[in-house]
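Just the one chain here, laid out as structure tokens, in the form predicted alone.
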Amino acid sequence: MSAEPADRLAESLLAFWAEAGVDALLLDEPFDRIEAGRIQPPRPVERKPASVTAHPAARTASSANDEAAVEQARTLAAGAPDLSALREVIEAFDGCTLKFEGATRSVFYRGRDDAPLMVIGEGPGAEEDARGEPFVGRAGQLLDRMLEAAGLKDRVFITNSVFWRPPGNRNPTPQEQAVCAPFLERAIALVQPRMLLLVGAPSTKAMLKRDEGILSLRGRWFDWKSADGQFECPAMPTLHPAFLLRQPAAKKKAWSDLITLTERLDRPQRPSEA
């Protein structure tokens, strides 16, 4: 097998385990035990010295900063009367560290302001950062094709759990998502969607506060409720289109999720739901 296919296979396998919820390794660095055993006895695992552990006071200060940023975001979001004002507030907000880690602009949303379905991904990538709109790269193009095939193309509001590109396109941290959550919840309150489609593991975990992997959560209905309890609606997790590009065989699972959601969205509403 040539090196290039092997690299793609390894990347695909790592992506599969990441999407399934595996987010830790036994060692900090890769170690080929088979090769090492041929030439020398296995070396002991080096432990990081205790000095690298953050001082409790530093952890407390960091936690306090996060809480202050969340409170500031909550106050600013509550004062935004519409999506245009909310966009301006997000652009001016300095409380999320992602803004200063390589992102060139904030990326808020695209789609209908009164959409019945809100699609929430994890965070902007390089192309999204360049254009200022979410889901416009290869994964976004696949998402658009799926939404169009399901009859949802002009019925969606598309956004993310964070509004600045994480460096290296890594997953956003729970702290970064928590700081952005008041803005996201305000967007939900303004749009008033009937349903949420949570795309990928990071957005699903942030919105539903669950630790299971996306492969066990996808295709199931959950009740999402805002932090202030003023708004709630059904939410369905599904696989991220970037994962589908790496694992094409999983597309039928995501398509099944989308069809199930569309059928419920198109079901006639009872008077109490109108």
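Residue numbers here begin at 1 and follow the sequence given. Because the structure is a prediction, the values reported are computed rather than measured.
Another form, the form predicted together with a small molecule, is not on view; read the next lines as being about it.
Colleague: If you check G95, P116, G111, G125 against the small molecule in the model of the complex, which one has a heavy atom within 4.5 Å?
Modeller: In short, G125.
Colleague: Taking the partner as it appears in the model of the complex, which of 98-106, 68-76, 180-188, 127-135 has residues with heavy atoms within 4.5 Å of the small molecule?
Modeller: The contacting stretch here is 127-135.
Colleague: Answer for T204 alone: is it within 4.5 Å of the small molecule in the model of the complex, judged on heavy atom distances?
Modeller: T204: no, not in contact with the small molecule in the model of the complex.
Colleague: For P193, is any heavy atom within 4.5 Å of the small molecule in the model of the complex, or not?
Modeller: Outside the cut-off, so no.
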